[in-house]
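Here you get one chain, nothing else, as structure tokens; it is the form predicted on its own.
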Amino acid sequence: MNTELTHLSLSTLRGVGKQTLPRLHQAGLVSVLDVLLHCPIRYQDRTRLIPIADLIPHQFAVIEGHILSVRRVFGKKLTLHCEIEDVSGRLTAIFFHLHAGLSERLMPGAVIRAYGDVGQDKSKKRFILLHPACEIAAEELPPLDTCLTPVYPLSEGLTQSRLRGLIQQAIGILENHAAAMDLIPAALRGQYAWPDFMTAVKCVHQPSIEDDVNALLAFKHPAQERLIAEEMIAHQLRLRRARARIANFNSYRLSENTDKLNHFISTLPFPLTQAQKRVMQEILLDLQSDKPMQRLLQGDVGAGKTLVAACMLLQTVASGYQAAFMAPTELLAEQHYQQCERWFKPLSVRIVFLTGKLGFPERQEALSRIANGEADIIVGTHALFQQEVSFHQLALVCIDEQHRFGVKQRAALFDKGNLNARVAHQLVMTATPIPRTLALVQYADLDYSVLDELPPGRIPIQSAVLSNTRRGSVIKRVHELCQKGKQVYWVCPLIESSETLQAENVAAIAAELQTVLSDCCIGFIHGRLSSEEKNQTMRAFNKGAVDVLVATTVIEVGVDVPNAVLMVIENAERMGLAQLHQLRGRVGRGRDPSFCIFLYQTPLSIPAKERLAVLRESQDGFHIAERDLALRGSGDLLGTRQAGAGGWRIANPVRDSHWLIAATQIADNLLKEDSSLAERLEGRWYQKAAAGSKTG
């Protein structure tokens, strides 16, 4: 049965002991069913040999030959350079991760089969393989693989070979439950020519020589499509259940009288865009219902989402209720608080700021004002949904940069507002434009509004992509702008492995710029500074006391300094398009021409060239989002990997968007015809423990 494999512990598999089990759990693998659904992210074709002379750079290939020589090369790290020859030519295999067994077997005269990414040396005249997988024998190698080799997402401490062995055992167990595990009705399988569950799982993990290699590599094989469609069906079932749960509650019906809101809008120094007016009407209609609003508001950088949210906060207060505004960082939350203070203090609206860094007396006072109703608008971070926070009459929650939170945190805040059998309306916002098709896949539990118009008069940002060898001329340009009284952002290279290294990097670059730009004031912020230190530097930058702000990507969202006209981003090739577009959006907020320089390290890979070319050619956030999804997939953009809130196992919403309509219809039919089967199908894909993983 489905439930048997769901609850069958991985400790029942051979080779899973006290050390391996926690590593599997870290990868989100808890049961035998989890292992079966841990699908490959790609395949390696090790079924055919390619002569060395016929190799093509940037392809993955299997070569076979004799080892001519082996030499040790001492640099930053010891490497082994192994010269290999076949009847057509020679190449060099370079091994980085050395161990005794490998070093002993890499001997002149041995026969070697190597699989890896084909590159070229600096002369472009000789091929190289960087740390290839290899088999070595004295005389004769075993036969080539007869099927594709799966490559799985890994977490720390797991290897591809270990996972492949566990999956092979799990498939053996599945064979004893094959009939009970097939949750797609036979008629539906026949309609789409899908195999049964057992056949599909076995083919995905262990494709045979008879399977269509090209179809598997493109994720178009019927076995893959069966599992892809099933996961998308389960996803739709999950979101429909979430929407149905919310529909059972009542909410606060806000007043239809918008006099106070209209008065506030009339005092603004600029008119609303037509898109803002349209979206506000959509939201107001929701808020005037006694059913909880669950709406996603998205728009490009600078489209005016914060003002729309603020107007809804004001309408909530004017109707006699409380409203909350939640942001993912203290820096962004403080900026929202300050903006609300400027806008609403003249209207006698009482605003409270709540973050985890408040001192005990200030926090207790804030909690008291929230609980007794003295606070009209509460602005803060994730501290808003902590257990000790008790609201008086919370009617609306606005969540900024919602992808930084995730479904579970949204649900926690939803439950926070559950007072007197009524729950708060929710407006979730993102400045990362999401293509409509993907939004419908990922956010079927939410209604959807989009700000597709920028305020009039915004000057396009001029973008340049430059090699780091031009760094000196960039610094000269920074100096010229500072001399004119303008300000500059300088974003440091991304160092994922260590927050300490990142902090050291920021401080080092700030010191370098201060030495070269001795007559300018250089400030810096990074993750290891205290909140007060970061906020102090940001306040100084806001007031113009700091000329150049050196920072990590903490300034990606929310920072609004109209006098900043240049953004310099180092190692831009390491970042995704959506993040680079967000960073670029920190400039261009005033009336002066603004610029963004993307610095990159050479040599630049072909995918990195594609990404940076998109940014140079376009400032349309929706176009950039489409390209980012095509190049990187959906998980990072939607925040599902960070939040562990619905990360896909085999489906890719971009690649597999053609299954959306069918998955939606099948989900609806299953709910009508067999709700028990629908529940089991959803449970198959969404009982896995949430945990982050990385690609290995």
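Counting begins at 1, following the sequence as shown. Here the structure is a predicted model, which means the values were calculated and not measured.
One more form of this protein, predicted in complex with adenosine-5'-diphosphate (ADP), exists but is not displayed; see below.
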Next item on the list: Report whether the minimum heavy atom distance between Lys260 and adenosine-5'-diphosphate (ADP) in the model of the complex is within 4.5 Å.
Entry: no
Notebook entry, point to check: Is there a heavy atom of Leu307 no more than 4.5 Å from a heavy atom of adenosine-5'-diphosphate (ADP) in the model of the complex?
Noted result: yes
Item checked: Distance check, Asp560 to adenosine-5'-diphosphate (ADP) in the model of the complex, heavy atom within 4.5 Å -> yes
Check: Pro271 near adenosine-5'-diphosphate (ADP) in the model of the complex, any heavy atom under 4.5 Å?
Finding: yes
Margin query: Within 4.5 angstroms, counting heavy atoms, which one of the listed stretches 460 to 468, 204 to 212, 515 to 523, 299 to 307 is next to adenosine-5'-diphosphate (ADP) in the model of the complex?
Written below: 299 to 307
Item checked: Position in contact with adenosine-5'-diphosphate (ADP) when the complex is considered in the model of the complex, options Gln487, Ser594, Gln276, Gln236, heavy atoms within 4.5 Å -> Gln276
Note to self: Please tell me which of Arg363, Arg126, Arg589, Arg113 lies within 4.5 Å of adenosine-5'-diphosphate (ADP) in the model of the complex, judged by heavy atoms.
What the structure shows: Arg589
